[in-house]
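Given next are two forms of a protein chain, the same chain in both, each as structure tokens and marked structure 1 or structure 2.
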Structure 1
């Protein structure tokens, strides 16, 4: 299959908040730069940023402080955050949110006195979540997409990156191989600098919050390119995923603000239970609330739908409908009345805390490669606070854009030559399923098996025996995926794209299970029933990995760098 070759100065993979803000800041710093954004979806219509309901944690009030936000973030992450990244997050969030209003027209809800309204989320010592109703992501992505369209920035829609390209040394990224999904053809984009900002989206689990187009593409591509990644055992399960039997949107979220406002959780016996697990009850952090729900379910106290229930009705229907109109409408769509009755929910795979090891300017272990947003790791440690996710995308999108602009002040806009034969090798790899014959495997069934394996054995509650078993199952599915046959035309081929998705999910599953086995304790979102206690004597480390010569992750650990706050200060912080 032939391919087209395009050249650009900056290639941005992903069009969520991180990708768009990076493009805007880089362009505004140097309008002569040729910038190309690639998105799997239509312009401004896909990805997780648009789905954000709650908002962004930002210090704006004189009674709040960056110190408080930093300590909340470190406490929430159970002390294994990269403190440089966490500090940059909280300090740069304040100018970022102001510039989003003044430069890009993203307007957030106001108080009667005209100041920006901030609402409570779990794990906060101050109510600091800036929002637009309960559909904040739509406001942000709609406005930033308009800004992209006003500038001379190229956007390739319904186009996915299948792998990064590197030079002969493997140390410099030279662009990426793309698949134009609507035309079924490959496109090589040669770029002097590449930003990966596809968002994580742990859809390798059977019950997940991100949309179906998410398939951990960025993380898998980074891994295969040899980038150093970190903390991949830390997968966040959001506690309030909506149970919708038989629907592809099962697992989508009811936002954290519900618990922040006072919603209660009930088990299948009709009893509130959070007091047994944390003094903060429903306002405990996501890892605690998710694990508590899962343990209630395991103990046979699930509701008839298989999960637990959330009750907002006691706050009054008028209050719920006024403050959570989007959530109420979503529930109504599936026959639930959030304002007047309990709604069945379950923990749902939501966010990857691990990712590329970056510095605060989004540099990675490879030259000419930058990463921002959920494809990076370290900001959140072992658990992300609600409101810190889209905040990370905005702050680090801004950081990446500035960093990319600086890159071109001192570096050549001509990338080195891509390793000879690499493009042809990758094209052959990804088109191989078209030529298969004989006994073939159903790619959709393999994906379901992988998702079930991860959910049951590498999920909310894990143990060594189950995870060892999962390795065998993942390896089996990896071999079976080599028997998948793709038929039909090249354009809009769902089987072909699902095959590529499955390849990425398998690679990320390898990273998660290997990292989870290496951490022999429980910490934040990583809970092992065979090591149920957090152990600061052995557990204050970060896990790093790269792709080994045997095709599996090579791991090592390094002690947490308590650069600004000690472990003792983190432990003693009171929310």
Structure 2
């Protein structure tokens, strides 16, 4: 299969908040730069940013402070955050959100006096979540997509990067190999600088909040390119994913605000149980509430649908319908009456805290490569606070954009040569399934097996034995995936796409299980039933990994750098 070659100054993979803001800020800093955004979906329609319901945590009020936001973030992350990244997050969030309004035209909800409204979210010492109803992501992404249209920025839609390209040394990124899904052909994009901002989305678990097209592509590509990643054991499970048997909508969220407002959780015996796990009961942080639900389910106290139940009805139907119209509507579509009855829910895989090891200007361990948003790690430590996720994407998108523009002041805009033969090798690898004959594996079936394996063995509650067995199972699935046969034409071939998704999900599964085995304690989102306690004597480290010669992750750990706040200060912070 032949391919087309395009050249650009800046290549941005992903068109969520991080990718879009990076493009906008880089362009505004230097409109002469040729910027190309590549998105797997239609313009502005992919990614998790658009799906954000809650909002962004931002310090806007005189009674609040960056100090408080930082301490909340470190406490929420159970102290293993990169403090430089966390500090940049909270400090730059303020100008970022203001510019979202003043430069890009977002309009967030207002107080009666016309100032920006901020609502309470779990784990915060101040009500600082800026939002637009319960559809914040739509406002942010629609407005920034329009801003992209306004500028001379090229967007390649329904085009997915399949792998990053590097030079002969492997130290410099020279662009990426794309698959134009609509046409079914490869495109090589040579770029002087590349930003990976595809978003994570742990869809390698059977129950997941992000849409299925989010398949941890960025993390997998970074890993395969030899980038250093960190904290990959930290996968966030959101406590309240809707159970809809047999539907792809299963796992989508009922927003956290329901518990914030006073909703109760019930197990299959019809009893409230959260008091057994945390004095804050239903208002404890996401990791605690998810784990408690999972333990109830493991103990055989699941409801008939297989999870637990949320009860908002006791707050009164009128209250629920007025304050959570979107959630009530989502339930109603599937025959559940959120305002008047209990609704079955389950923890659902939601966010990857780990990712590329970056500095606050989004540089990575490879030259000419930048990473922003969920593909990067370190900002949130072991657990992300609600409202800090889209905040990270926006803040670090902006950081990346400025950083990319600066890059061209001192660096050549001609990338080095891509390693000879690399493009052909990758093209061959990704088209192999077309040439296979004989009995074939069903890609959908393999994906489901992988999701079930991760859910059961590397999920909310883990232990060494299960994870060891998961390694074997993932390896088996990796081998089986090499037998997948894809039929049909090249263009808009969804099975081919699912195959590429699957290879990415397998690579990320490798990273998660290896990192999780290395942390022999429980911390934040990482809970091991064989080491159920948080142990600050041994646990104050970060796990780093790169792809080893054997095709598996090579790990090492480094102690947490308590650059601004000591572990003691973090521990003592009361929200």
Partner chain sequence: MAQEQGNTRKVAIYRYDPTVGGDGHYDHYDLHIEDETNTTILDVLLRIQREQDSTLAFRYACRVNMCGSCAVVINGREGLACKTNVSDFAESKDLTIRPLNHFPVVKDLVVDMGPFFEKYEECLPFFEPRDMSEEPAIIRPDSIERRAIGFSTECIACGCCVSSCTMVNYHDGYAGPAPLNRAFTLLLDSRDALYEERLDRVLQSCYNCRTEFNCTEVCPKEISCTRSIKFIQRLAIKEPFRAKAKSKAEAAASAPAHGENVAAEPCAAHASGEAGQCGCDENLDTGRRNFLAKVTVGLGAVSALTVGGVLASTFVGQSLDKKEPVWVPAGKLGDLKEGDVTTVNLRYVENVGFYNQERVKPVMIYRNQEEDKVVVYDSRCTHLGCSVHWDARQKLFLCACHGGAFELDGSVKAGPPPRPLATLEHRVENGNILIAMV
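Residue numbers count along the first chain shown, from 1. This one's a predicted model, so the numbers in the text were calculated from it and none came from an experiment. Rigid core (definition): largest C-alpha set, two forms, superposition within 1.5 Å.
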| item | value |
| --- | --- |
| Structure identified as the form predicted alone | 1 |
| Rigid core superposition, residue 79 Cα moves 2 angstroms or more between the two structures | no |
| Large Cα shift (2 Å or above) at residue 264 between the two structures, core-fitted | yes |
| Did residue 340 shift 2 Å or more between the two structures, C-alpha, core superposed | yes |
| Core-fitted comparison between the two structures - CA shift at residue 320, Å | 2.8 |
